[in-house]
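Below sits a lone chain in structure tokens, taken as the form predicted on its own.
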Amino acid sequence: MAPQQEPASSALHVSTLDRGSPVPLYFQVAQHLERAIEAGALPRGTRLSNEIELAGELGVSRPTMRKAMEYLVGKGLVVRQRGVGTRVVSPKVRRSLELTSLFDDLEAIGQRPTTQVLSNTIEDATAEMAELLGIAKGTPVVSIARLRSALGQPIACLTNYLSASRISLPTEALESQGLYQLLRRSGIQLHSATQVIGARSATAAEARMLGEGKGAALLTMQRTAYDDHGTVVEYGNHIYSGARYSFHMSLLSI
């Protein structure tokens, strides 16, 4: 059954637009539609009216409406198809650059995270790992790899290393809770982290694991987290599906 056409005005009322605001009108329209999509008021598969009709429904000019739709297309929230029109697609999981875990962030937005533990072993730290964790070479290290999904779709593969002397991480616990939840419950207080974010193409194995095509875009993150004494707690090397995930940051002038 084809998805029903849902007028955007049902999710965005003209009264919500502040024409005296310094915020551009197109951005106000786009932001309200984005919130409606993320809240499920405009669910996946919804066909939107064409730009002329939307502009009339919302009381804005066609160029304003076109610019708002271009913003939503650029964010991966809607797609345009010739002969079909503009449809809503699944919103990406958007993660703030804060000291939280992916599990925490998915739970907070109701995305029902699930975890498959791919490996959970204790091994001797290599010279490289010892340097990253600030421990002696050969020190026992917990090495875990997990596939994290949300709403039934794989989103990220997470590989983490921790000193085995600080915490025990049973596989059953890792399947039902986030790593940072387990750390906090063990009395470890996370204080700060450094991280590097990048992008690359997926290998064939990574693409299969994340349900993507070979060479699909991946986001990458390497994070070193510290406790309130400045001691390294964990080092993570993560990859994320670029189609279903993004990082979000706010920048302030100082």
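Each residue number is its position in the shown sequence, starting from 1. Just so you know, these numbers come straight off a predicted model, no measurement behind them. Whichever C-alpha set is largest while still superposing within 1.5 Å between the two forms counts as the rigid core.
Separately, the form predicted in complex with the DNA exists; it is not shown, and the next lines address it.
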With the partner omitted here, the residue among Lys137, Arg80, Arg112, Arg184 that in the predicted complex has a heavy atom within 4.5 Å of the DNA is Arg80
In this chain shown alone, the residue from Gly40, Gly198, Gly45, Gly59 with a heavy atom within 4.5 Å of the DNA in the predicted complex is Gly59
Given 66-74, 188-196, 201-209, 217-225, the stretch touching the DNA in the predicted complex at heavy atoms within 4.5 Å is 66-74
| task | Verify the contact flag for Asn120: yes if a non-hydrogen atom of it lies within 4.5 Å of a non-hydrogen atom of the DNA in the predicted complex, no if not. | result | no
_Leu151 within 4.5 Å of the DNA in the predicted complex, heavy atoms_ = no
Is Val232 close enough to the DNA in the predicted complex to count, meaning some heavy atom within 4.5 Å? no
- Query: Taking heavy atoms and a 4.5 Å cut-off, does Ser49 contact the DNA in the predicted complex?
  - Reply: yes
Those residues of 21-38 with a non-hydrogen atom no more than 4.5 Å from the DNA in the predicted complex are Pro24, Leu25, Tyr26
inquiry  = Once the core is superposed between the shown form and the other one, does Val232 show a C-alpha displacement of at least 2 Å?
reply    = no
Aligning on the core only, does the CA of Gly187 end up 2 angstroms or more away between the shown form and the other one?
no
Using the rigid core as the reference frame, would you say Ala30 shifts its C-alpha by 2 Å or more between the shown form and the other one? yes
